[in-house]
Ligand SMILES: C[S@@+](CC[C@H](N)C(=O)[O-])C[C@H]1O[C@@H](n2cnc3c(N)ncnc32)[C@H](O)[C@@H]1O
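Next comes just one chain, in structure tokens: the form predicted on its own.
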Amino acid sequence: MSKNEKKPLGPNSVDMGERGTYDKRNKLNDLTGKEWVYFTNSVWITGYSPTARENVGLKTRKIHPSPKPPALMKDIIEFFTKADGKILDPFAGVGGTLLGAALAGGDRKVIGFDLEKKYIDAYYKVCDDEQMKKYPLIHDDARNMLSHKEVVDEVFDLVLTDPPYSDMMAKERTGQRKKLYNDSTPKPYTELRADLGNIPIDEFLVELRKIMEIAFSRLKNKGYMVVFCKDFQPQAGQPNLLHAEVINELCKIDGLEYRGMRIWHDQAMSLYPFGYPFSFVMNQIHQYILIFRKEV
């Protein structure tokens, strides 16, 4: 075989041109092997350009403390679902998962939940402004998911969500963070007691597991659960490895197995001299994308 000759295709292979070769036995997604291998890189580097079509609505969505880029959610959705996949987001916020599904296209269905009405309104405003497909974002506590017909009547291929990180956002700002924001006032996601962003870490972990267990009950076998997480800064006697604690807690769900993580490096984050000139304080410009699979 000459250097320029293509290797003969096997019985399950489909030549997709520059995209590479698609294997018809692929039951997870519509990606070629070339596209698949890119996603399995453990480090994911992205920014968040407010002018890019794939990162729509930042101006409206930034009322949320941690809006996820729709392009990032699109990539996750395209890997873990086929074009007719069904996705559930228990903590939808300003709709990053739903917007990502709209960008991914196909005949996908998405259902989201959030406690805060203003975030839901922001999501629908972006859909109107950008003329994007709207999916249901339900104004309710995710603990009540099974009281909604839209959830009970479906079996989902993917649970994709970015929960509040315990009371991280509710802590008073001090030191360089106080200078950076010119304000020491805490900025929680909501003022609601039911919000996981307003409760201490031990209680948070248990409540997160309970909610994710409800979502797990509507996830198909071999379906994936993908959860964003960000660590707290370490303190004396407390390493605060929240991502590890979340992994251990969710693995208490019978039949849910941890399969690995991707580390998302958000290049849109700026660096600040935290701790200067006294001690090392890390700039956390990464988050963990934790990947689990249902095995029952």
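Fair warning: this is a prediction, and the values are worked out from it, not measured in the lab. Residue indices: 1-based, along the sequence shown.
Just so it is clear, the following notes concern the form predicted in complex with the ligand, a form of the same protein that is not shown.
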| item | value |
| --- | --- |
| Partner proximity in the predicted complex: residue 135 to the ligand, non-hydrogen atom cutoff 4.5 Å | no |
| Residue 67 within 4.5 Å of the ligand in the predicted complex, heavy atoms | yes |
| 4.5 Å heavy atom contact, residue 143 to the ligand in the predicted complex | yes |
| The ligand contact at residue 116 in the predicted complex, heavy atom, 4.5 Å | yes |
| Residue stretch of 219 to 227, 85 to 93, 101 to 109, 149 to 157 approaching the ligand in the predicted complex, non-hydrogen atom distance within 4.5 Å | 85 to 93 |
| Position in contact with the ligand when the complex is considered in the predicted complex, options 127, 71, 205, 211, heavy atoms within 4.5 Å | 211 |
| Heavy atom contacts to the ligand in the predicted complex at 4.5 Å, residues of 194 to 213 in sequence order | 194, 195, 196, 211 |
